[in-house]
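Only one chain is shown below, in structure tokens, and it's the form predicted alone.
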């Protein structure tokens, strides 16, 4: 009888057959002496959000697509696994490496190749940071149309590989909607050049979409063509306190529908998050906002309209309190409360989740989860922040004691109602290593099987970021 025992295995990672010293010599021949780092020259880099990102102890810094192509061909020939890394700001373990693997750092490929101010497009190398690209396109009156807290270190290639979303996704979509074309080095060293610069390009299967959100498991993104948007000027920032999330959503929709200005951001914060952050940063004056259930940061293009809308919302009882920033210092303070993650410092052993819920079900979901967590353990505290415009919540579950051992029980409660509401268990931080159980439990089995088949087809030797996403 024919043995089909391997049919269910997504891919195989073959054992390395040569010594690490030999790898260093061979890699140096491809990349030059400055392109290979080992030992302390690797650990001297900032590991980013995951202490295990640099554990491989061997890294390369290519400068060209051709070097990456030659590198991948070598890695395939000796069965050496590659772990691509951008800014190492991911929160799901997709950039984590282990001994015997090779880290591929992209920061040496950070050039902005061409900005087309007429067509509103840019061609950029994968190692360019979001902040650097945004500063460059602003000089042409344009914006990337995507923003996130790690803008100073997050790279374009990493953002594409994780399909990053951020604060403006409700306006422009995540990275998947920003990408027009890609250049990708495949696991066999071939280069797929698809740097299309137009929105309408019907050429059969849109193959580049496979690599967006693939977290480096199918190939190495080297260059991208992105859509840009007109820059609408410095926004006016308002902070509001609310006692009803449904009322906050009503105000959000009202601001979104305004024709005398444009809503740029709507960022939700639980009162607990605000309380911890205000205390951590010594911003006593903002403490009154933590007395209410939630807070929302609204950014709007017209100061008069924002003031009128917030004043009317106060009169109607839609919101409980409001503050409009008078200068950049006040704006920076409010955004520090949102982006600095003081909760993680206060509760260093908490549990973190990144989910999406349709706006119509957001209040019911949060209220239900709060009840379920208290039923599991009355000591559990629920904190959340998120991008209210698209229903993306970043949830942390904490207590005065370490809670990491409760991950299975807590995650079951977090994911319990998501499918019922039409939500999703992973919003903008990918699968990596952390969400593989959820991927298996929450995904349609046919969809999951297709993902495994795609992985086997494109990377049959399993050298591209092995163990991530599919396990």
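Numbering follows the first chain given and starts at 1. Remember, it's a predicted structure, so these values are computed and weren't measured experimentally.
Although not depicted, the form predicted in complex with a small molecule is the subject of the following passage.
Consider the chain as shown here, without its partner, and state which of 208, 387, 331, 273 has a heavy atom within 4.5 Å of the small molecule in the predicted complex. In short, 387.
The small molecule isn't shown here, but in the predicted complex which of 238, 87, 391, 145 has a heavy atom within 4.5 Å of it? Here the answer is residue option 87.
4.5 Å heavy atom contact, residue 149 and the small molecule in the predicted complex: Output for residue 149 is yes: heavy atoms within 4.5 Å of the small molecule.
So, residue 115 and the small molecule: in the predicted complex, are they within 4.5 Å at any heavy atom pair? So residue 115 does not count as contacting the small molecule.
With the cut-off set at 4.5 Å between non-hydrogen atoms, does residue 164 touch the small molecule in the predicted complex? Yes.
In the predicted complex, does residue 435 come within 4.5 Å of the small molecule, counting heavy atoms only? It does not: once the small molecule is placed as it appears in the predicted complex, residue 435 has no heavy atom within 4.5 Å of it.
Specify the contacting stretch among 69 to 77, 224 to 232, 372 to 380, 208 to 216, defined as having any heavy atom within 4.5 Å of the small molecule in the predicted complex. Among the candidates, contact is made by 208 to 216.
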